[in-house]
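The chain below stands alone and is given in structure tokens; this is the form predicted on its own.
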Amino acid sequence: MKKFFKVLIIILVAVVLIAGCFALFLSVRGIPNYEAVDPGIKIVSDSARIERGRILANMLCADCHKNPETGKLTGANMDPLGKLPFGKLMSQNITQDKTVGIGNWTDGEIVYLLRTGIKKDGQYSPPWMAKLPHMSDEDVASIISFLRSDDVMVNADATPDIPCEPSFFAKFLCLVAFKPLPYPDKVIEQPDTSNKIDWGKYLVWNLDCFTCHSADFAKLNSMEPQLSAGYLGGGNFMDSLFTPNITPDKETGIGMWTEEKFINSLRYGIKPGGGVNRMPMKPYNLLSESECKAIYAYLQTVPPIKNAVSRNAVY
């Protein structure tokens, strides 16, 4: 019996040592680096692309990268209340500054980052940065055209980056779950805007609606968003509240909302029962009415999830 306990103690000590070494390795190594690739793409800008890019960047990039003090995309604190389990989350300067921004990046390097999450120096952008594996080549070109434009939001600004401080949990996820996405091996065409459901799905996926409105940031599936845990069923924690269920469940989702009520909520921030949407949900007034209708049409096709989300729950 004594021999058995001696062996058991040795095994337990070995397990503890191995776990400790693994934890130390993960803490020191941090988020891994990968090979950076420049696919050699060169974007030709025009006024239509810049305007489309302005709309997309304001809905996709500005929420995280716009600094309220500079009024530019110089980076900001993405979790000012410190409620998310990923550590200190700071977005980076993406103005045209050649030192701290992306002014000396090639078009191809920006495309590769947006598609895969790998920066020009090989650093992997953490899981909280949106990746765009499904966005059409034309819309990606439009975003880059805007970033190269003379808009005040992207004019060179030397405001220095504040480094992120990822938590152990974030580092672990980047080891076992979150990896760079594959670079597309074919052209990604614009969706058929005459097909409301396909157009709506494209917008839900590429405006990152599913990221916030699914169950958990840690269980997202960027390549197949519909396979994300609790797809669009709400319950993900943001700031000081949980995101609502936007599946067509009639009791806990938006199954009883009319198209008009949905548009008022999405585009103008007015809730069906009165009042206004709470932050971080903002009015998407840059969306056209036809885009809002397409999103509504697609959401009506999503499998309903019965998930009554307590909007007032605070950690």
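Residue positions are given as counts along the sequence shown, with the first one as 1. Please read all numbers here as calculations on a predicted model, not as lab measurements.
Keep in mind the form predicted in complex with heme C is missing from the figure; the text below concerns it.
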> Which of 223 to 231, 179 to 187, 109 to 117, 148 to 156 has heavy atoms within 4.5 Å of heme C in the model of the complex?
Replying inline: 109 to 117
> So in the model of the complex, does any heavy atom of S265 sit within 4.5 Å of heme C?
Replying inline: yes
> Given that the partner is absent here, does W105 sit within 4.5 Å of heme C in the model of the complex, heavy atoms only?
Replying inline: yes
>> If we define contact as a non-hydrogen atom of the residue within 4.5 angstroms of the partner, is N67 a contact of heme C in the model of the complex?
In response: no
> Hey, in the model of the complex, does G87 get a heavy atom within 4.5 angstroms of heme C?
Replying inline: no
>> If the cut-off is 4.5 angstroms on heavy atoms, which of these, P39, P280, G255, P32, is the one near heme C in the model of the complex?
In response: P280
>> Just to confirm, with a 4.5 Å cut-off on non-hydrogen atoms, which of A141, L173, I94, A215 contacts heme C in the model of the complex?
In response: I94
> Out of 205 to 223, which residues reach within 4.5 Å of heme C in the model of the complex, heavy atoms considered?
Replying inline: L207, D208, C209, C212, H213
